[in-house]
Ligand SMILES: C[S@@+](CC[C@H](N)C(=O)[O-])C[C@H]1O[C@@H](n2cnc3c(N)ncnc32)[C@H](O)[C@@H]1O
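To begin, one chain is listed below as structure tokens, in the form predicted on its own.
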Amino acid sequence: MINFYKTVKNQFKALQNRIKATLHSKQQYNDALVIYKNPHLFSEVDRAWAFWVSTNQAFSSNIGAGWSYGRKKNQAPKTTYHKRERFENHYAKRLELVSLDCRDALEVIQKRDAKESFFYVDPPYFNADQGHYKGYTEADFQRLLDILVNIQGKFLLSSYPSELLDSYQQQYEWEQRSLHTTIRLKQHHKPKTEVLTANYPLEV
């Protein structure tokens, strides 16, 4: 992300030209992953391009989650096309006032918590196939919930339903909304229910 910002600021035209010439392509996606995993071998522009491709063409925008494709006619290529055409230098403006903190999320929440704080919390789903997030356990999720119980600010938590979450939601009277989605599993799609949980009123 830091390299992406620097490249957008200092070498925008070179990066834009590279992105404009990028197709919705599994080969280019695979090439991007090679660059992403071996950054010391490539230029700043190469690495920024690889970051853009590996997020924008990945399933659910998760790096390493697999190349995303759709069953509807031209769905995925159209998505890539629109993202490619919208790539302008306002990306740099959007990042200028962002703080990047590469620490344990629980530590960040505790240190940045205040009455006016808002945390969007999207941990790996312990009760799902976690892909490259593998290793996040129910105990990790419970530690997160214990932190959220005591914060001063507001939070919005995204997860799959679970008995553990239900117990906290009922005990602390958190707001909750269910969202019905579809996830891709190899060659087929499976309906799933995601849950949004918050410690403030959620609009319908």
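Quick note: we count residues from 1 along the sequence shown, nothing fancier. On a predicted model such as this, the values are computed, not experimentally measured, just so you know.
There is another form of this protein, the form predicted together with the ligand, and it is not shown here; the text below is about that form.
In the predicted bound form, which of the listed residues (A128, L95, A76, A105) lies with a heavy atom within 4.5 Å of the ligand? It is A105 that has a heavy atom within 4.5 Å of the partner.
Even though the ligand is not shown here, does Y81 get within 4.5 Å of it in the predicted bound form, heavy atoms only? Looking in the predicted bound form, residue contacts with the ligand do not include Y81, since no heavy atom lies within 4.5 Å.
Considering only heavy atoms, tell me if D122 and the ligand come within 4.5 Å of each other in the predicted bound form. Although the ligand is absent here, D122 would touch it in the predicted bound form, with heavy atoms inside 4.5 Å.
Whether Y136 contacts the ligand in the predicted bound form should be assessed with a 4.5 Å heavy atom distance threshold; does it? Y136 belongs to the contact set for the ligand.
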